[in-house]
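What follows is a single chain, given as C-alpha cells, in the form predicted on its own.
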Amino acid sequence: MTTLEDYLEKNADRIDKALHRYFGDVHGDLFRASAHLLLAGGKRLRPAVVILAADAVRKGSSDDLLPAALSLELTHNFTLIHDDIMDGDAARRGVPTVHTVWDEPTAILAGDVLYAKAFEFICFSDAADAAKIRAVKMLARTCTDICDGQSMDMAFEKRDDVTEVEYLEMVSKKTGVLYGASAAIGGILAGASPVQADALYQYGVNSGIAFQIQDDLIDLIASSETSGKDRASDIREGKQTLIAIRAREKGIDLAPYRRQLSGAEIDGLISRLQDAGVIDEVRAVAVERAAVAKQALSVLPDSEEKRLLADIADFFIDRGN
C-alpha cells in the first residue's frame, strides 16, 4: 500500500520534470521571471489532487491529464508572485521573490504569463472538448474567487470586527477554491458525473479551509524552522485569523502584541490562548472541515486514490503537530 509521503514525493518528481521540460530553457527576463518560482520546488499538492481525483473517478493512466495538473500549479504560482508583491515579501521557497530579483512591473507580467498559460495547459489535456470547456470555466471562476479572497484579506487588516463567517468565506476563496478546482477539474476531465464533480469540489474547498486554519495555528505555535517564517507574525501584523476572532470573543486583546515579540512573550500569549480554550476551538474547526471534506468523497467508489485523497485532508491538519 502506497503511503501518502511516497505518493507525494513521486508525484512532485514527476511534476518537477514536466515543469523543467516546459520552462527550464526559457529566454528573456519575462519568461525567466515566470519560471523562477515554478522551478524552485514545492510539494506540488494541487497537481497531486488533480491526478488523484481523476484516478479515483476512472482507472487507467493519468498521463493524458498531466497538462491539467500543471495548469493548477501554474495558477498557484501566479497567485504567489502577486501575493509576494502585495505583501512585500523578500523570499519564497528558499529563493528571493520574483519582484526582488527583477522588479515589480516584470513580476506582475510574469504572474500574468502563468495565469494565461494555465488555461492553455488545460486545453493540452487529452479529454473531451465539452469537459475541457467545463474545466476552463471552473478555473476562470476560481481565479476570480481567489482575487476576491485576497481583496477581503487585505480589507480585514483595517478592521477589528471581522466575524467567523466572514473569515471562513475569505479563506474558502483565497485558499479553498483552488483545491476545490484541482479536485473537480481532475474529475471532470476524467469523465466524472455532475454529482461526483460537485463532491470533489466540496472535498477540495473544505480541505483547503482546514489547511489555512492549520496554517494560522502553525504561524503561532510552531518554531520558525517548522513554519518558515517568524513566530506569531500574523498576531504581530494584526491579521484577522480565526485565532484572533476567537480571542476577541473571549475578551483577549491582541492589540498590545502588534509589535516585535520576544520568545517569552509569545509563549505567554500561547498560554493565555490555551487557558481560554482558543487553541483547542480553532483546532476543532480545522478537524471538522477535514471531516466534511472526507465525507464528500463517499460518492466515489473505494480505491487507493480515494484513500490518498482522504489522507491529504488529514495531512493538512496534522502539519506542524
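Because the structure is predicted, anything quoted here is derived from the model rather than measured. Quick note: we count residues from 1 along the sequence shown, nothing fancier.
Keep in mind the form predicted together with another copy of the chain is missing from the figure; the text below concerns it.
Taking Asp89, Asp215, Asp148, Glu166 one by one, only a single residue has any non-hydrogen atom within 4.5 Å of another copy of the chain in the model of the complex, and it is Asp148. Of the candidates Lys117, Arg93, Arg248, Arg236, Lys117 is the one whose heavy atoms come within 4.5 Å of another copy of the chain in the model of the complex; the others do not. Stretch-level contact analysis of 42-50, 271-279, 26-34, 254-262 against another copy of the chain in the model of the complex, using heavy atoms and a 4.5 Å limit, identifies 26-34.
Contact annotation for His82: at least one heavy atom lies within 4.5 Å of another copy of the chain in the model of the complex.
Interface membership of Pro105, defined by any non-hydrogen atom within 4.5 Å of another copy of the chain in the model of the complex, is confirmed. Among residues of the shown chain, Tyr201 is not one whose heavy atoms approach another copy of the chain to within 4.5 Å in the model of the complex.
Remark: Phe124 counts among the residues lining another copy of the chain in the model of the complex, judged by a heavy atom distance of 4.5 Å or less. Contacts between stretch 136-169 and another copy of the chain, counted in the model of the complex as any heavy atom lying within 4.5 Å, involve Val136, Lys137, Ala140, Arg141, Cys143, Thr144, Cys147, Asp148, Gln150, Ser151, Met154, listed in sequence order.
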